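For reference, the chain that follows is the form predicted alone, supplied as structure tokens.
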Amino acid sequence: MNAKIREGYIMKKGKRVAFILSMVLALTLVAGCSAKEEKNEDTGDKEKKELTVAGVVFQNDEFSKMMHQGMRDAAEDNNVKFLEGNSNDSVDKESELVNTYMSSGVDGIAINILDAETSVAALQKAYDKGLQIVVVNTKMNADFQASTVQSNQTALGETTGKNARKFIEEELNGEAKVGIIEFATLIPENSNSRCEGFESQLEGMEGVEIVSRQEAWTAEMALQKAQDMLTANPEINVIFGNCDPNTVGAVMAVKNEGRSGEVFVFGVDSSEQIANFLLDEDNILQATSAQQTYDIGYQSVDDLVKVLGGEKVEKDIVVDPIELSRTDENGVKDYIEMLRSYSE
């Protein structure tokens, strides 16, 4: 994250506070003017009931925790009650959570769905019962949701792919045997888009070959798959982990195998742990593309509250990634500082 990105972040946070203050001031002025007019018989009816919204993520990793923090802050800023849920990679659990919220009087749900198809039924039922739905981080094959807020999945892969291509050209003489750790079984659309973006940046490189693809979506799984990959294909010198746990697992596998300086990792997603990998002298992780996860979580609940208040919101919101690279140490340190500020 360079100075321009950091400046944008600071301005964004400032604008958010300024917007909230301006709204409070505007409402205060309106209330003051109304008091001078004749009394409205419907005043009691216009008092807003306390809204309750739920925010559902699908894992307990840093990505999901940061998303929940953004959701939580948006709920607090909008003075609504917030319930947290985690489907833990289970479609059955996801459906159970939605049904629980539906029966307990929740007004709306912002949810990081597990599947574009199988997640629809429970959410459609909730919508039919009057709940508003905002989908987070992936598309859903339906049209009843008020909004979809997500990262540009292809751009995540492309951003990292550009860094990988440059590294291979400058540091590996244009030659690389590549292993990929993906999560296509878990969320096919997101995983495939990231891999396609990454691979598109390596096209035309005659000395580059993808020799192995493995599936994982937890750090433990990715660690084992990366170790197996390196054992079966010792010629691999570049690994692409296309999500937070896969990036972490790949880095740890290279470290455990004693292949630092021989095998280089490129990732997608970030956390303070991943950012510190970029500062580590072991030189394993070279670059990653970070989703603006906090902002995605914040906007999903902010949009949900707006819709519940009768406002219109954009149907599809796509958020571009932040590039983090070992070659930009100050940018990485700024990113870590930004992450810490979210929890203050």
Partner chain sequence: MDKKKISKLINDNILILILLVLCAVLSFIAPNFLQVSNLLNVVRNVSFQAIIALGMTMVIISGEIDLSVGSGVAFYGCLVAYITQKLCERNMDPLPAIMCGFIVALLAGLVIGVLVSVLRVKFNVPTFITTLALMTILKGMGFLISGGYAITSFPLWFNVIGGGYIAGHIPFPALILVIICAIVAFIMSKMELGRAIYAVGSNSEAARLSGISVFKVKTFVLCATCVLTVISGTMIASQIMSGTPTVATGWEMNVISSVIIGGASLNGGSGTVKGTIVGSAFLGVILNGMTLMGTNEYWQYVVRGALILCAVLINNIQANRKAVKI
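As the structure is a prediction and not an experimental result, all values here were calculated from the model. Numbering follows the first chain given and starts at 1.
One more form of this protein, predicted together with the partner chain, exists but is not displayed; see below.
*Asks:* What is the one choice in Glu169, Glu257, Glu84, Glu96 with a heavy atom within 4.5 Å of the partner chain in the predicted bound form?
*Replies:* Looking at the other structure, the residue within range turns out to be Glu257.
*Asks:* State the residue from Gln227, Thr118, Asn152, Thr100 whose non-hydrogen atoms include one within 4.5 Å of the partner chain in the predicted bound form.
*Replies:* Spelling it out, the residue with a heavy atom inside the cut-off is Gln227.
*Asks:* Heavy atoms, 4.5 Å, the partner chain in the predicted bound form: which of 100-108, 231-239, 120-128, 139-147 makes the cut? Say which one.
*Replies:* Stretch 231-239 is the one.
*Asks:* Would Met66 show up as a contact with the partner chain in the predicted bound form if we use heavy atoms at 4.5 Å?
*Replies:* Yes.
*Asks:* Going by a heavy atom distance of 4.5 Å, is Ser200 a contact of the partner chain in the predicted bound form?
*Replies:* No, Ser200 sits far enough from the partner chain in the predicted bound form that none of its heavy atoms falls within 4.5 Å.
*Asks:* I'd like to know whether Thr218 contacts the partner chain in the predicted bound form, with contact meaning heavy atoms within 4.5 angstroms.
*Replies:* Looking in the predicted bound form, residue contacts with the partner chain include Thr218, since a heavy atom lies within 4.5 Å.
*Asks:* Determine whether any heavy atom of Gln132 comes within 4.5 Å of a heavy atom of the partner chain in the predicted bound form, and answer yes or no.
*Replies:* It does not: once the partner chain is placed as it appears in the predicted bound form, Gln132 has no heavy atom within 4.5 Å of it.
*Asks:* Could you tell me if all three of Leu51, Glu76 and Gln299 have a heavy atom no more than 4.5 Å from the partner chain in the predicted bound form?
*Replies:* No: no residue has a heavy atom within 4.5 Å of the partner.
*Asks:* Output the sequence-ordered list of residues from 262-299 with at least one heavy atom within 4.5 Å of the partner chain in the predicted bound form.
*Replies:* The one in contact is Gln273.
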